[in-house]
Each structure stands twice: as C-alpha cells, then as structure tokens.
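Take a look at this one chain, the form predicted alone, written out in structure tokens.
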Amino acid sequence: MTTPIYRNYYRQRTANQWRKIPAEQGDPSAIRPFLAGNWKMNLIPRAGVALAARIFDLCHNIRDVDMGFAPPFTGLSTLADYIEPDFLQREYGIGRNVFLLAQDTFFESKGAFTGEISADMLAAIGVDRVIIGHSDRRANLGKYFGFSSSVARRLSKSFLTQSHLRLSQRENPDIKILSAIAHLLEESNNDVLEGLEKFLEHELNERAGESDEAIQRKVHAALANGLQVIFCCGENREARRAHETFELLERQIRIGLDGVARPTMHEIIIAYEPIWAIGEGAKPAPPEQIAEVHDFIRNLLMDLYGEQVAARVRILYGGNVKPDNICEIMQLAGVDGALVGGASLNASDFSKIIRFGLPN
C-alpha cells in the first residue's frame, strides 16, 4: 500500500509513533510544508529576480505550501521589492506564502565587525527568516580561510625552534611548555612531529567552523529582531560511520536552542542536513535514515518543550533534494519540507519540488 502524500496536515503521536493526518487546504490550524531554496553564492540581483519570476509562473495559484528564497546578501533588497505580496497575488495568485530568507546573520547589532550583517539590518529590508548553522558555515569555513594550515605550521621545526628560544628568554618561563617543545624537537621525534602536523591540519579542516555557542547567539539575535529562524543541524560522514549521529545532533540542538522559551518555538524551523549527503556527486540520505533522524529530533523536542510543540515544529530535510525524490521524502511522517540547494537554481526543478504530489 502506497503511503499518501499530504500537502496540509495535522500531526499526532499514537503508540509512540508520529503520523500525519490530512487537513483541508486552507485550514489555518494545519501544518503547511515549507520548501526553501538556498541559492548560496550564486546569481546577481537581476538574475535572482528573473529566476523567482519563472518559478512563480510555474507555481501559479499554489497557496497550500510556503516557499522561501535565500539569495546572497547583495540580492536581498532587490528580491524583497519584487515579492511584495499584493503584486504576487495580482500577478501569480500567490503572495502571503512567499518568504524572503537570509543565508546567515551576526549576533551583534553593530560594531567593528567588518563583513558581517546584523539581524536588525536584515529585518529592516524585509527579510522574514534567516538560515543559521548551515553546514557550509558549521563545517567548511576552515577549508577556505586557511586557518588549519596556519595553525599546523606551528608544529614545523623552524617555528618550534624560534618559539623555544623566545620563551626561554622570558622571566620565569613555563618549564612544562619548554620541555614539551624540546621533546618534539629531538631528532628521534621527527616522524611524530610530521604526523602531528598532518593530523592537526586535517582535523581543523573538518572542524574549523562556527561553534554551537556562536550559533546559539545568532539564534537569539534573530529572534530578538523579529526574524524566524531556520536552524540547521546534521552530522558529517565520520560521525555517521562511528554511530555518533544522535549524540552530535542532540548536542547541536540543546546548545543551539538553549534559552529559547517554549512560546517562542513557533518561530523556529529545524532543517536536518547530513553533511555527507550535500554537494556534487553526493547521494541523498536513504528514506529510512531520514525518518529515523526526524523522529529522533522530534522526540528530543518533545523532551525539551512538550508534545504539543514537538508536533507542530516544522523539520525540513536538506541534502540533494530533487524533483524525482521529493515525493518519497514528503511521504515520511516526520518531514515538513525541504531546504534545497542546487535544484533551487533551476526554475523547472524547484517548481516541481514546490508542486510535489500535484499533477504536472
């Protein structure tokens, strides 16, 4: 028997299992799936508007799901002007279900933070929701900014020799540090030193990104400025292989949402995005793994905020979502939409994702 696809639904928990119950289209109390396109660092502003216009044209009169568009910062104001609700209603028969998303924010409101954008700046130009904790920022920053190689070079012989000389000339030098450096500089430890350098560079490449604590501060800054939050979480390949997925997700969610009060949870959308399922050549997570993780997240939310909140918080899946797998994903009882990367840059593909379960 084929599992039905619901575009509007309620969620109930019976016999320790979550399930969807169909609701009539337009029922204000029903859960509406959220299909969000993350354009990442692609498209100049005019090209973004042209893409959005083509998607809207292909999704004429689609009002039973929410659509989100996350252009780069440079495209936010231009797209905000275009997706004015009255205009969208008049031209495409949509409007109140279209949301402007930012790809990130900073946790301070102003100051000497060159290159950062604050939450109140985003709110001022019409941003509705902000993506926080995306895997590109959690896991990949070190690969691009050279932090890992810079730190690893501290284990080179020349750097350690200079450090040993400099520290030994200080008054009351730390004997333990000097002893450790001298030990590493011994000829017999050459292989150990080279191995540590390579190991440290690899580890920092994998881990040098935004911390859970920084993400938590961003969540609170966004909420304080009236922005809803799309809170991303997910495990890398190593954590999946080591069976540490649930431990990692629990840490990310507990720390990232710490201090978010129960009445405020309706402003939070969670996006589960396994890092190993993202990017060119990667494969999406199998449906059974998506279902297992979404159930885990929802049960964790129930422990933290109660069953009523857990039933209504929307949990999206992200990771190689395509037109040919969106229906299978949306059939899962715990999935409430998708955070879409590459496919959202193609009007035909993203419109098919938005129209999941409808005839072509």
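Keep in mind that what you see is a predicted model, and the values were worked out from it rather than measured. Just count from 1 along the sequence shown to find any residue number.
Heads up, the form predicted in complex with 2-phosphoglycolic acid (PGA) isn't pictured, but that's what we're talking about next.
**Q** Under a 4.5 Å heavy atom criterion, is residue 321 part of the interface with 2-phosphoglycolic acid (PGA) in the predicted complex?
**A** Output for residue 321 is yes: heavy atoms within 4.5 Å of 2-phosphoglycolic acid (PGA).
**Q** Determine whether any heavy atom of residue 40 comes within 4.5 Å of a heavy atom of 2-phosphoglycolic acid (PGA) in the predicted complex, and answer yes or no.
**A** Yes.
**Q** Report yes if any heavy atom of residue 134 sits within 4.5 Å of a heavy atom of 2-phosphoglycolic acid (PGA) in the predicted complex; otherwise report no.
**A** Residue 134: contacts 2-phosphoglycolic acid (PGA) in the predicted complex.
**Q** Answer yes if any heavy atom of residue 279 is within 4.5 Å of a heavy atom of 2-phosphoglycolic acid (PGA) in the predicted complex; otherwise answer no.
**A** Within the cut-off, so yes.
**Q** Taking 4.5 angstroms as the heavy atom distance cut-off, pick the stretch from 92-100, 73-81, 271-279, 105-113 that is near 2-phosphoglycolic acid (PGA) in the predicted complex.
**A** Of the options, only 271-279 has residues within 4.5 Å of the partner.
**Q** Could you list the residues in 329-360 that come within 4.5 Å of 2-phosphoglycolic acid (PGA) in the predicted complex, counting only heavy atoms and keeping sequence order?
**A** Counting only heavy atoms within 4.5 Å of 2-phosphoglycolic acid (PGA) in the predicted complex, the contacting residues of 329-360 are 339, 340, 341, 342.
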